[in-house]
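Single chain ahead, written as structure tokens, the form predicted on its own.
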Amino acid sequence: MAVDMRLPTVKNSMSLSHSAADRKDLVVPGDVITSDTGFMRGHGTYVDEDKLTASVAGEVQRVDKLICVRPLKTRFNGEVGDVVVGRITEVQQKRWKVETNSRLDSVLLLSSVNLPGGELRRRSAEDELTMREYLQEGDLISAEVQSVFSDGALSLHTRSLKYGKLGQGVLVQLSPSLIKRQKTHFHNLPCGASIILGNNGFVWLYPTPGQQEEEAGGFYTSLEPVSLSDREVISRLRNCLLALAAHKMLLYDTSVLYCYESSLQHQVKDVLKPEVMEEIVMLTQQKLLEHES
């Protein structure tokens, strides 16, 4: 049985201009956010002796006169327009139930999906009987939040060719608070793989596809064998995502790509070693600071 032994090494000290201890927007329960009475109380706050105090650990967000605290660790609270990656858990009458890391299962209505071939017509009883031919239990999908029900459950739709059933790839489940909101959450990375950063914390890694047939209507999944080089790239990206998440760094295309480039000097299996992980994340932070400046 092989044993992996690591000897103590001298740690390279890297100076970052922004220290986490200096940040004023991070609070823990009981921290006084402000004593000014002109602000309105939002989620994650309460008033104690005329002082606005945090009730959860998280990031302070100010919108005009409204102050709220966004928790660092929470279930996904979806908003209209959010991109999500989810797994079908149940097929019901004219709808699918989808697990999206939120408090309640999300709903994907039969009328909210594209029919194979892109037909535009009313859904019939025949479509209802063949629902499992489109999506069945265990299938992974990418979708967009169409609306939010009164009880907080999400209604999804896949009425676009970029959404639909997901084929071969790797699912990484992370905290929703680590995903940075952007205009697009679908990225083709120059390293040869593509990534879907779901707002719900589910990240999908897959080989960059060639030309896809538009007649598939979002239900076509390639079952071609994935090459060894593509599998290594996807495995390295997965380990980079876990390293960034372990150090509570925001995940978006630039941070993931910089982390990937910083990890190339190490083997894929070594990326998750604590000292290697810390070194890669520090290099990524330096690159991001240089990029911002």
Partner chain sequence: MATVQVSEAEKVYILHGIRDDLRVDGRGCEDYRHMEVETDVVSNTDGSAKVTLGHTAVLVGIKAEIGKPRPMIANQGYLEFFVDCSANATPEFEGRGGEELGTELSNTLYKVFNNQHSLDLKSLCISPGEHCWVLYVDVLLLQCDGNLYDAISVAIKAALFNTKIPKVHISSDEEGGKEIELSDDPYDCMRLDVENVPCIVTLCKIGHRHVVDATLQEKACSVASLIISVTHKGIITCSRKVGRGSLDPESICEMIEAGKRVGKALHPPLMKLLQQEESLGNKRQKVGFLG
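Note that the coordinates shown come from a computational prediction; the quantities given were computed from them, not determined experimentally. Positions refer to the first chain, counted from 1.
Beyond the structure shown, there is the form predicted together with the partner chain, which is absent from this document and is the topic of what follows.
Checking 72, 91, 110, 171 against the partner chain in the predicted complex, a heavy atom within 4.5 Å turns up for just one residue: 171.
Screening 255, 239, 262, 45 for any heavy atom within 4.5 Å of the partner chain in the predicted complex leaves a single hit, 239. With the partner omitted here, the stretch from 223 to 231, 31 to 39, 45 to 53, 61 to 69 that lies within 4.5 Å of the partner chain by heavy atoms in the predicted complex is 223 to 231.
In the predicted complex, residue 123 stays away from the partner chain, with no heavy atom inside 4.5 Å. In the predicted complex, the partner chain stays beyond 4.5 Å of every heavy atom belonging to residue 57. At least one heavy atom of residue 4 is located within 4.5 Å of the partner chain in the predicted complex. For residue 140, a non-hydrogen atom is located within 4.5 Å of the partner chain in the predicted complex, even though that partner is not displayed.
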